[in-house]
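One protein chain, two forms: both are listed below as structure tokens, the first as structure 1 and the second as structure 2.
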Structure 1
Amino acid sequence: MFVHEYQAKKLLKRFGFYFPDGEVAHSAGEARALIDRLSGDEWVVKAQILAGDRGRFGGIRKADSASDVEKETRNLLGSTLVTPQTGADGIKVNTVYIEQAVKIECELYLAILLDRYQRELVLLASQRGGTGIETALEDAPDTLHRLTLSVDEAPDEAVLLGLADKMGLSGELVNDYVDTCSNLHRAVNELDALSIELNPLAVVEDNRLATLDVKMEIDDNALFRHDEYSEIRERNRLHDRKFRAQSGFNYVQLEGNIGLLVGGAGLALATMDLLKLHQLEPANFLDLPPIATRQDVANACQTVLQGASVDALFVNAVGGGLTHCDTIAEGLITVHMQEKIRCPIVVRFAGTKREHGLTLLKNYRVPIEHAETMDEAIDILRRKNRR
């Protein structure tokens, strides 16, 4: 899971990073009240959404008085931010982070991510941090420095000193940078992060390094060993409709109009490919949880049907080890009893409990068309899609 900037900063605090003074607000009044507790006389009000590029699209506002902070907080809270990373619908802002503004001398980029294919950690560093790091890297890819780090051993100091030099740092900043890299390595390991990106890592007044923004992804498989993550997870789930929809299963909304309810990630991908091969457009990707219950299937089905523009539902299941066709059928029935499914439903069942699943659907009068094979299902969907 990705965590918000303010959550990442809180998690990282104990590793010795320097952040400007900041606090969270959920209302304009709260924002105004907390200004007395923050140092400085100028602040930034930052929208907390789980997508980047906020700065260029109005998600970060400057304010130089308490009333200004209150005003900008009011403007941001409840508004919907659209950036290249949010999708066309944008994301609604429910929380802001108010931070003391600092004078920036220069902006660096520093990240450590887990390369699962090479089975090692990779440190990425660039002198061209800040907004638009991607474009900077496209114009001049050689400005990105790459170091391989061991998962268990601390990085070599001599190598980090060399890196600090490449970043054009001198004097006290060199040690500051080496410490920041070591701390980041420790944080990735101890927090079970898949990636932590400090961008920008800025040289600020008083000649020190400050982490101004953080992007951080936690390994979902490791949530169980960190008590602090369950609170973060719950909080983010409450505020984020998309996040809520994803809980328990992996859902990715796509542009098309054929909703997909498929058992298993590989078959789900293959089903998307099959639709496209026949000029049909999938409305979503969805992977059910490994041992799906009737309720899991029902929740997944509801999520698919609530997708932007589903004109037909394609249920493709090969009953196997963990999820059987009858469970999928029960999930469909649950949804149908609550809110009649109005769009055409094409069901292709094969494998374990196929007959039982089909019988259940028939008994509960769920209006489906059954297909024996994927090809047959495609024929039916194409016919329906002509409208």
Structure 2
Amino acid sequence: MFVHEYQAKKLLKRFGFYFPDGEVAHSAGEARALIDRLSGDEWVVKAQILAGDRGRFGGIRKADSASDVEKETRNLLGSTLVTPQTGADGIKVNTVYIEQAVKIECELYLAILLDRYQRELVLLASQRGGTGIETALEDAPDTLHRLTLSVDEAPDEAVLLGLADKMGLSGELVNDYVDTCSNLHRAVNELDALSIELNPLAVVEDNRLATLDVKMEIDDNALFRHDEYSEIRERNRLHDRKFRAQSGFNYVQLEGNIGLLVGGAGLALATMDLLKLHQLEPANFLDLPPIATRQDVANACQTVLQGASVDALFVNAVGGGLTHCDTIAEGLITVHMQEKIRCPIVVRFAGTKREHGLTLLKNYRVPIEHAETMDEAIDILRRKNRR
């Protein structure tokens, strides 16, 4: 589960990180009203989407008056922000975070993440931080320092002192940096995070370290341990397409026009290969797990259909596990009753509750074309293909 910047900062506050004053706004009027509660005389208006590179593509804007804050908030809310991490369709901005502007002396990069292959925590640090960090580190890979950390034991202070020296820090900033690294390690463990990235971690005008932006991913398998995540999960599910793509299924957006709703990763990959073999382009990878519910299917279907490039939807499911074909059908019916599916729908069902699923779709008048075999499905899709 990914979380927005303002949500991540709220979660991290109890671990001793320093953030400039900031609050969330959902309207221009709300943004203007909260300025009286924030410190300083300059602010930053930040679009809250689950993607990086916001600053380079207009998602972070400076304001030096309450009226400017209101104007920039109005410009951002409801707009679609497109960055290299959103895909061509972009993500709609529903929330902004208004934060006190600070004078930055230098920007650093600091992150702790789980290395799944080595089954260990890894700390990454660089003197280069801020916008375009990926490109900067590609150009100068020797500036990225990597430390292996124990999950159970706090990082060695002597090692962190050496790392602070490599960051070019001195005086009180050294202790501040060591504390920040230790606090970050504790936060990763206590929050059950797969990764927390502070970028930039900035030296600001009062000679202290300030966390100006945060990316955080929480382990879905640990959600049951954290009641505080339920509100975050529900709020993001309602407003963010990319978040819905993490809610009960695996989703990757692609550049094609054939939307895929497929049960199982293996079948999804085989379906994509078959489309490519016949010069058809998949719009996404999507893997419904074997325990998907009707609502999971509906969320998945909505996510696929919101892609502007989707000209047809191919539903390819083999009923098994706890998700049978009738559950897939119920999810499609839910979406169709809410918003009417207007693109062609090709359905191939096999396995448990196949006939029942097809009967449900017929009874609820979902306009599908049924394919008995993959060859039939491909023939129908080729006829419907607009490219």
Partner chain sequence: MSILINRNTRVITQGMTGKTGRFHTGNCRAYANGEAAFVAGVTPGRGGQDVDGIPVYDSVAEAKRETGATVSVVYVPPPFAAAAIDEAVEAELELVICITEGIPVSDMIKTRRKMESSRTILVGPNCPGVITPDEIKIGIMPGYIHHKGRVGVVSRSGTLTYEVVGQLRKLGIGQSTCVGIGGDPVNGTKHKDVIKWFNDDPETDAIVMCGEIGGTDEEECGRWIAENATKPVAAFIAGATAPPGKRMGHAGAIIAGGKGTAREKISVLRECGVHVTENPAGIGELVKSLIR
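Residue numbering: structure 1 sequence, from 1. Model, not experiment: these values are computed from the prediction. Take the two forms, find the largest set of C-alpha atoms that superpose within 1.5 Å, and that set is the rigid core.
Shown second, as structure 2, is the form predicted on its own. After superposition on the rigid core, the Cα atom of residue 27 is displaced by less than 2 Å between structures 1 and 2. Once both forms are fitted on their core, the CA shift for residue 126 between structures 1 and 2 remains under 2 Å. For residue 12, a C-alpha deviation below 2 angstroms is recorded between structures 1 and 2 after rigid-core alignment. Core-based alignment between structures 1 and 2 gives a C-alpha movement of 6.3 Å at residue 299. Relative to the superposed core, residue 342 has its Cα moved 9.4 Å between structures 1 and 2.
Here the two forms are laid over each other by their core, and the C-alpha of residue 269 is off by 2.8 Å between structures 1 and 2.
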